[in-house]
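Shown next as structure tokens: one chain only, the form predicted on its own.
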Amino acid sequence: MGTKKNYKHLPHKTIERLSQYRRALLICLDNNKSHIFSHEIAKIQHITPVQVRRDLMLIGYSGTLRKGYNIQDLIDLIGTIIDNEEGLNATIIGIGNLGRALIKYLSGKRHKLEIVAGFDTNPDKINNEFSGIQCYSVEQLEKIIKDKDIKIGIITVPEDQTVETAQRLVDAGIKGILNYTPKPVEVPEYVYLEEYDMITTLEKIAFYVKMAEDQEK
């Protein structure tokens, strides 16, 4: 196996795939499967076996020709790479339809990564629970983030509130931000930012559908 000091150099796409591999491996483990080959992982993830082997080589893990990869060992190794040993707390700002859906979806999915608070400006939502998560007023954002040692912020607010929300998260000490709004933001280098634009993703899918249809003509 590799050492932690090397993991920080892993490509971003490899980190994404490792997370996807773990989800698939956990399902296989639940189905009483103990070993798996690279071509099996590749089929589940819709990628090539070469890509799977390359990713696993980067983390210093190898299987055997006869049995493939030990599923539990691989899950454990991916956990040491991705997960924080003490666990990390996250929050969602904007408890609208998307925010509530994310809270429900993420609840209990990872014991090392938990949603521990939500924030909104709507009085009807403040002081209520959504899927077991307390919603606080955004006026309490800095205090709750400090009190609950929250390191990750997920932004699902209306577009015109995105920039201000991101800045408040940074000022409150947040180290990582996932922005679900179409409004791009800028953060300091020490804050890791991911921006997920569903419209762009859908348009990408539409492009490939168009290409496939054009080939059929």
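Just count from 1 along the sequence shown to find any residue number. Remember, predicted model here, so these are calculated numbers, not experimental data.
One more form of this protein exists, namely the form predicted in complex with another copy of the chain; it is left out here, but the text below deals with it.
Screening 68 to 76, 138 to 146, 82 to 90, 119 to 127 for residues having heavy atoms within 4.5 Å of another copy of the chain in the predicted complex returns a single hit, 82 to 90.
Put simply, D160 is far from another copy of the chain in the predicted complex: not one heavy atom of it is within 4.5 Å. Interface residue remark: I133 is not counted as part of the site for another copy of the chain in the predicted complex, having no heavy atom within 4.5 Å. By the criterion of a heavy atom within 4.5 Å, K175 is counted among the residues contacting another copy of the chain in the predicted complex. At the 4.5 Å threshold, heavy atoms of I152 reach another copy of the chain in the predicted complex.
Interface residues of 180 to 199, taken as those with a heavy atom within 4.5 Å of another copy of the chain in the predicted complex (partner not displayed): Y180, P182, P184, V185, E186, Y192, L193, E194, E195, Y196, D197, M198, I199, in sequence order.
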